[in-house]
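One chain follows as structure tokens, the form predicted on its own.
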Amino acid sequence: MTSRPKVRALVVGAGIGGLTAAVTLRSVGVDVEVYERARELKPAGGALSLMSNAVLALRTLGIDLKLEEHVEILEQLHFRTKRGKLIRTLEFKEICDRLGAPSFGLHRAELQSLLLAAAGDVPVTLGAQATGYEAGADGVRVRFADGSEAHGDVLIGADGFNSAIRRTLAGPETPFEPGYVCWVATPHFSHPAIPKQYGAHYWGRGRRFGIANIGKGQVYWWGTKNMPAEQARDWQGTRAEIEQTYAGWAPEVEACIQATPPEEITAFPARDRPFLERWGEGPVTLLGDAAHPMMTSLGQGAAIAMEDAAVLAHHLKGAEDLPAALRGYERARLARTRSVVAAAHSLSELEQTERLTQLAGRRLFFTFAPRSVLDKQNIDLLDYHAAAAAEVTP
């Protein structure tokens, strides 16, 4: 009896989802090759939150990135008015302790570095812009813009919001753009109102601001402002416009912006897509933003992509029928990701509202909602084991 040759997986995209897939697939004995269109692995978007559900998902494969040794743990999240008055504090530490894994705030470069180290000798080819694929009886071929190709047994499209793999699979799509811009930056900066492990959201009318102390002398801040979608898509403003947007807000908000060199501020439009019910065909599937892009409001984009990667590895481990394994992975993820995408979309609408009645309702809910209600909402997001228990097995 001969053993089946090792599965060769092509991962298109070296963002958080793609690199995590490299780590998880390698851990179950799959040979992995990663292809990235960028010519250097330069993290985009500054920093991120990496919540307990991602940590728990990786643990199911025995993977520990030792995050506690490198980055800041997120223990509380404060909701404040634009002038800094406290509305409510969410106690993440108690929830995370109950679940058995912390949540973190960290720079994307830090997470990228940890994932590359965990991926070991997995080859990462840069400057490889995928344009499409062809699947056949012998596996799948990915075509690149320079005319080259790569051949493998399975293809994982982890190439983000503008995924070429998704476009080949699903055809052209129109994204949903609610009409607001997002600004992000990670300046080296300190302020007495931003102590170690500080995290806060400041709410205004049609605009928000967030601050997280991510350690090593850096603060991650982000801001949003309602504007026509076409303007948000190609924002060409200045730091002075951002300063004016938050004039009169809490002193730490104004100070964060003023301490940031203009060239270090990144702008991008808020957007997601209608939920895709079909993620793959034959030996091809999608992962992360390529499968289910979501609004940033829940801070779950990275964690859900890492969940995807863990579940994918479980399904491919020892699989004889690779397309069946991929369809099993997709079935397992549909309900969970559909729910999180919808929740992020709804929260985005609430957070960006300019309607006075909704503003009042938002303030009342976060002020007076029982802690048990808020804790349940967070546990539903952060408890990966509960989510995994609901997965459909192949």
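From 1 onward, residues are counted along the sequence shown. Given the structure is predicted, the values throughout are model-derived calculations rather than measurements.
Separately, the form predicted in complex with a small molecule exists; it is not shown, and the next lines address it.
Remark: Tyr220 counts among the residues lining the small molecule in the model of the complex, judged by a heavy atom distance of 4.5 Å or less. With a 4.5 Å cutoff on heavy atoms, Leu48 counts as touching the small molecule in the model of the complex. The small molecule in the model of the complex comes within 4.5 Å of a heavy atom belonging to Ala158. In the model of the complex, the small molecule sits beyond 4.5 Å of every heavy atom of Ala22. With the partner removed from view, the residue among Val311, Leu77, Val71, Ala164 that has a non-hydrogen atom within 4.5 Å of the small molecule in the model of the complex turns out to be Ala164.
A heavy atom within 4.5 Å of the small molecule in the model of the complex is found for one listed residue only; from Gly299, Pro283, Gly204, Gly210, this is Gly299. Contact annotation for the candidate site: Arg141, Gly152 and Trp279 all lie away from the small molecule in the model of the complex (no heavy atom within 4.5 Å). Partner proximity in the model of the complex, defined as non-hydrogen atoms within 4.5 angstroms of the small molecule, places exactly one of 29-37, 324-332, 337-345, 356-364 at the interface: 29-37.
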